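Just one chain is shown here, as structure tokens, and it is the form predicted alone.
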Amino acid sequence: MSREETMVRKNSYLTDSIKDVDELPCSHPASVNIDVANCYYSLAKMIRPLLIVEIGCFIGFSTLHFVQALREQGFGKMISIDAFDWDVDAGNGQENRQNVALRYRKKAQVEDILTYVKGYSTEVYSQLESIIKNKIDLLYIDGDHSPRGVFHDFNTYYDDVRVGGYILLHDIYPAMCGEQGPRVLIDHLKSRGLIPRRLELLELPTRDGFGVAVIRKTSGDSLRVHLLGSGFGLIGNFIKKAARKLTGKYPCLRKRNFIGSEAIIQINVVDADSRTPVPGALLICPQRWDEKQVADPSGTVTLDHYLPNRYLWNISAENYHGVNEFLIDVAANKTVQQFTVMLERV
């Protein structure tokens, strides 16, 4: 690692306690990466909250960033809820996650600001209700990532978020993080018109591709959202029916999961002279954190669209000249969009 890289990494940490937690054997990938954590710190500094409630802290890496912002602003409290129901390797053998979180809370000297609550979020609500009722400025939901779990957390704590307050959701892009719940909740809020009638939404891409949603509450009306039936409910059933029709029209979409995606992008790589497919072509997208895709036997790459509507791709294949910065523009009103890039032989 170069001296410059060492300095950049050193300057990434707000405190020694945060640095120590980041370097624990168990910290990643379960904890958010340092860029996301620092984003949380900056967001809290801008919001200047009196009360932060976190659902799901793992070992407290994100937590320490929120709390550091509170300490620097000179006011505010934080409640972090976690079941702490399994052990981790924090460098001295297996120990419970709560012990790890409490140790670094003490080291960071934020015991007067941060309270850890052990238990499942919906079960401990009754003991917290009098403290948090209508007082939450920032609610961070990063616990049970199943659709049912995310909906339960949202419903349990939403009414206590003050008007003008914020709700953060982590892991909002299933194609990258493998989690469905946060995306299903966002799409459900959109389908009911709650976004933008009662809520404002900003989706932030992250270096690991998992994504963060920042939701601002603009209405004081009570709100409950529900999964209807099994799976994704009525909205999901509609999407599934649409998916079945699409897979009949576009065979290359078969067996691909795109429930909850806003669009499907197809990039077809072909020989410039013969117009035949170029299988095995390598596609790299810098905007998607150098995500790599390899063209299938039909020369096609199929992927979810989840970032801005313009993408740059670098495309290469054996025995062909590479194409750098192949730009595609994704239309907002189309479900499936195809693009073709032609490679010339060496």
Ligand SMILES: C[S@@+](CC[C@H](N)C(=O)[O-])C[C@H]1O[C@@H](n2cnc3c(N)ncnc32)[C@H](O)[C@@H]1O
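Predicted model only: the values in this text are computed from it and were never measured. The numbering used is simple: start at 1 and walk along the sequence shown.
Just so you know, the form predicted together with the named molecule exists too; it's not on screen, but the next bit is about it.
Participant: Quick check for you: of 106-114, 218-226, 144-152, 129-137, which stretch puts a non-hydrogen atom within 4.5 Å of the named molecule in the model of the complex?
Facilitator: This holds for exactly one stretch, 144-152.
Participant: Answer for residue 91 alone: is it within 4.5 Å of the named molecule in the model of the complex, judged on heavy atom distances?
Facilitator: Contact check for residue 91: no, nothing within 4.5 Å of the named molecule in the model of the complex.
Participant: Could you confirm whether residue 86 comes within 4.5 Å of the named molecule in the model of the complex, counting heavy atoms only?
Facilitator: The answer is yes: residue 86 has a heavy atom within 4.5 Å of the named molecule.
Participant: Given that the named molecule is not shown alongside this chain, does residue 293 nevertheless sit within 4.5 Å of it in the model of the complex, heavy atom to heavy atom?
Facilitator: No, residue 293 sits far enough from the named molecule in the model of the complex that none of its heavy atoms falls within 4.5 Å.
Participant: Using heavy atoms and a 4.5 Å limit, would one call residue 311 a contact residue for the named molecule in the model of the complex?
Facilitator: Heavy-atom contact with the named molecule at 4.5 Å: absent for residue 311.
Participant: Taking the named molecule as it sits in the model of the complex, which residues of 13-41 have a non-hydrogen atom within 4.5 Å of it? Please list them.
Facilitator: Stretch hits, in order: 30, 31, 32.
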